[in-house]
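This document opens with one chain alone, in structure tokens, the form predicted on its own.
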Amino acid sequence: MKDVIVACDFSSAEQVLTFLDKFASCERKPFVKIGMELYYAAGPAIVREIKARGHRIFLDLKLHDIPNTVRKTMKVLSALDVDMTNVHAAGTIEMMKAALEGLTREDGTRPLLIAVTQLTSTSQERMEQDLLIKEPIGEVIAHYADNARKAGLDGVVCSPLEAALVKERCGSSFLAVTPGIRFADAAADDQVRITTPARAKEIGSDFIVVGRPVTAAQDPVAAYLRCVEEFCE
């Protein structure tokens, strides 16, 4: 089932809970992304509070460290009962396997685990100049996605422009979680590889992650429901 994930990139528990209060009368509770800014400001307590309100949670901490550290960290995060979390694919297959091992509970259950390929703010030029990666960005993303598949992960984070390529390389059931979503009549902000919710649906995204077009909207509920209408229905 396709879904819209709202990126709640706020700097305090008060801010995010005030924002989510706007959806109290909304029939559909948004799937919420908690990123580094909010998690570092408010800690595990905010994850538990948002979960208690009935929201699904994508804990977006992008772990990238030696395998043993990632394994132990994922074991801690598995107790938070989130629905999805992630690592950086650049951490290698061994690290991703360790993440999966740590995240899996004793009863065999676990959240979805996905890997970040390249950030949507990364262009071909930046990748070549800053990271010294010379291959075409689409090929790099497809290769990272294939590594994540080999490690046993459920999918990857990629721009919607690479979703079809990921599906072609890794299969239709391998998830493409795509940020970089903007309405056709909105500004790109600091994103480079972007598209609209409707187009993301057409080219194979399973989940879209939408931040400022919803959180900074005059009417966040209306903006969220517009995303749902364009992407899910």
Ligand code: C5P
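Throughout, we count residues from 1 along the sequence that is shown. On a predicted model such as this, the values are computed, not experimentally measured, just so you know.
Beyond the structure shown, there is the form predicted in complex with cytidine-5'-monophosphate (C5P), which is absent from this document and is the topic of what follows.
Enquirer: With the distance limit set at 4.5 angstroms and only heavy atoms considered, check whether K62, Q118 and V210 all reach cytidine-5'-monophosphate (C5P) in the predicted bound form.
Expert: Contact check passed for all of K62, Q118 and V210.
Enquirer: When cytidine-5'-monophosphate (C5P) is placed as it is in the predicted bound form, which of 74-82, 140-148, 119-127, 104-112 ends up with heavy atoms within 4.5 Å of it?
Expert: Residues of 119-127 come within 4.5 Å of the partner.
Enquirer: Answer for A7 alone: is it within 4.5 Å of cytidine-5'-monophosphate (C5P) in the predicted bound form, judged on heavy atom distances?
Expert: Heavy-atom contact with cytidine-5'-monophosphate (C5P) at 4.5 Å: present for A7.
Enquirer: Using heavy atoms and a 4.5 Å limit, would one call R182 a contact residue for cytidine-5'-monophosphate (C5P) in the predicted bound form?
Expert: Answer yes; at least one heavy atom of R182 falls within 4.5 Å of cytidine-5'-monophosphate (C5P) in the predicted bound form.
Enquirer: Classify V157 as contacting or not contacting cytidine-5'-monophosphate (C5P) in the predicted bound form by the rule of any non-hydrogen atom within 4.5 angstroms, answering yes or no.
Expert: It does: once cytidine-5'-monophosphate (C5P) is placed as it appears in the predicted bound form, V157 has a heavy atom within 4.5 Å of it.
Enquirer: Within 4.5 Å of cytidine-5'-monophosphate (C5P) in the predicted bound form, counting any non-hydrogen atom, which residues from 29-48 show up?
Expert: The stretch 29-48, when checked against cytidine-5'-monophosphate (C5P) in the predicted bound form, contributes only K33 at the 4.5 Å heavy-atom cut-off.
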